[in-house]
Ligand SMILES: Cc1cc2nc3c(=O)[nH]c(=O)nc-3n(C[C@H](O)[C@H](O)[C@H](O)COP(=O)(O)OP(=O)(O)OC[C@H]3O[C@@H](n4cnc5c(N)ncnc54)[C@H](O)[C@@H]3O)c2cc1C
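One chain follows as structure tokens, the form predicted on its own.
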């Protein structure tokens, strides 16, 4: 008897069709509604185009980038210290696409009514495809308000921060058309209490805002160490102060910025987070000496906004997967979406997802109208409250969406939950 004929025991049925290639904007009526309502109707074709990318090539790149984690190379094959982080080409595709479409620059380079809302809408779509690349994209976007506090440095750096060109080469800023910015604040002994930081800054010559210093110390968490420069905090004689620290010195030699190791994270695998040392690293003071926290909070406020957008994005993708599954999966002879109790669960998930999105885009509207006193006060409050609430709610909501899918949902959604946790 030929037993091979029995190897395929049954045909696979009762499974939802693939969502690959779906335009994520066109299936998201809440995104369409709230982006228009809050002033980004003029950008609809632009957001729609990004929805097609996010549901197609970027979604595929996202899986590849997370399956092929970044690798730290401390030395080259000749024994020279290089401190490079090597990424899969899919990660560079994600970064390049986002930067070319203005996800790091749109509201600053082209300020107008709805610009922050439009940029947030595209970020919301991008993060559904891949959340890890959102870290350097967000920090590059968020660095602008802080750098503007130091006009001489802003004049030098902002044209390349706002450029829509991605250049991952490990060369000095002068040789690039576009740059990315990271951030390094946390230290071992202080954690979120940055006032406990011990990194010291020593003036090279004259002291004060815009002047050069050498930094000595350690950072327990440096986000995206492959960036071209970092906003960081260090102690001077007048207290904690903000600095811009580039990876290369003006003479094109590498700065004294050393990566100790990459973080081994539960989620957010595509992104490199690291521990670093400054061994006399050259940096320039930003803002008033001793006022490092108020200076860097200009950047932190924008990263909090993107935490709202990013967690809302993961909630939406969890809802999309769950509702799609339930619309095609039959249990007891009926579609899951026709079962009354499942309808209640899906309705709750949809409501929470839309609420998170609506608050996030309402925040974008406030950022577009900061010259209005009411909007400025709203933005100051919601950057903290919104970030806390949406990021707090996202893991539970995503877990509930996973349960709607049963076993098929656990592998994908568990990673989403880990990514959300990282954003908090």
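Positions refer to the first chain, counted from 1. Nothing here was measured: the structure is a model prediction, and the numbers come from that model.
Not pictured, yet referred to below: the form predicted together with the named molecule.
The contact with the named molecule in the predicted bound form, taken as any heavy atom within 4.5 Å, belongs to 185 out of 90, 185, 179, 137. For the options 211, 273, 256, 156, the one in contact with the named molecule in the predicted bound form, meaning a heavy atom within 4.5 Å, is 273.
The chain is drawn here without the named molecule; in the predicted bound form, the stretch among 79 to 87, 110 to 118, 335 to 343, 188 to 196 whose residues come within 4.5 Å of it by any heavy atom is 188 to 196. Although the partner is absent here, residue 72 lies well away from the named molecule in the predicted bound form, with no heavy atom inside 4.5 Å. Contact annotation: residue 265 falls within 4.5 Å of the named molecule in the predicted bound form, judged by heavy atom distances. Heavy atoms of residue 223 reach within 4.5 Å of the named molecule in the predicted bound form, making it an interface residue.
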